[in-house]
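Only one chain is shown below, in structure tokens, and it's the form predicted on its own.
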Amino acid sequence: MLLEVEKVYKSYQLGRNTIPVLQGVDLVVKKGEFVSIMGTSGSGKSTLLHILGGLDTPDRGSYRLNKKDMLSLSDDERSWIRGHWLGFVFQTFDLLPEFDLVENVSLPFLYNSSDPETMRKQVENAIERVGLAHRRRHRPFELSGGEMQRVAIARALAVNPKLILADEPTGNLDSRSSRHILELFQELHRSGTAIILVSHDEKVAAVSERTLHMIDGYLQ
């Protein structure tokens, strides 16, 4: 088993009011599995993804990733796991405009202990896998939206992650670019990479092996 979440709760404080977001979430994901989580805005799906990525912590519950108890780790230990085991893909691409494609894809290695030659090979391989070797020295403003998202996916792939976490990865793309990105996720899945994809779109979620629904903080 790759990932096991049990009875995870999360609330946020808004003034004097406590807003419940996750209300006892259970989730199990196998190695190499492709899972989609659907839900409307505010349903809690992005909060869950942030907890799975070690970017946030729940109020209570348990979370194990590759047999590691994620909730007992220090900040430095969680940073190491993010740099070695996890790849993140967001709706807004989150590329640095002053960096070219190679430099953007290399960013995860700021928190990764790989030697320079290993890093170079992994970055080049990731760029080739998303079909952008011919654009390697271009900056984000020289790329289309679909190309920028492929750069973001290459950045996620560069560390050879055990799990990719994708939050609305086609949300800012046209239908043609969206289709190409989803085909790329399916290809990554076939190669053995586990993926958890969050979306509000049924057509996007349909590319996965299994679809779950987040409704009012409950995962069904």
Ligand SMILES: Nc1ncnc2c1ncn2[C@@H]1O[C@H](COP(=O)(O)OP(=O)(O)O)[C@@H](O)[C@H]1O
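Residue indices: 1-based, along the sequence shown. Owing to the predicted nature of the structure, the values given are computational and were not obtained by experimental measurement.
There is also a form predicted together with this ligand; it is not shown, and the following applies to it.
**Study point:** Answer option from 172, 40, 160, 186, heavy atom within 4.5 Å of this ligand in the model of the complex
**Key:** For this set of options, the contacting one is 40.
Check your understanding: For the chain shown here without its partner, which stretch in 172-180, 65-73, 41-49, 27-35 has non-hydrogen atoms within 4.5 angstroms of this ligand in the model of the complex?
Key -> Only one stretch passes the 4.5 Å heavy-atom test: 41-49.
Check your understanding: residue 21 near this ligand in the model of the complex, any heavy atom under 4.5 Å?
Key -> Yes - in the model of the complex, heavy atoms of residue 21 and this ligand come within 4.5 Å of each other.
Check your understanding: Which residues within 200-215 place at least one heavy atom within 4.5 Å of this ligand in the model of the complex?
Key -> Sequence-ordered list is empty.
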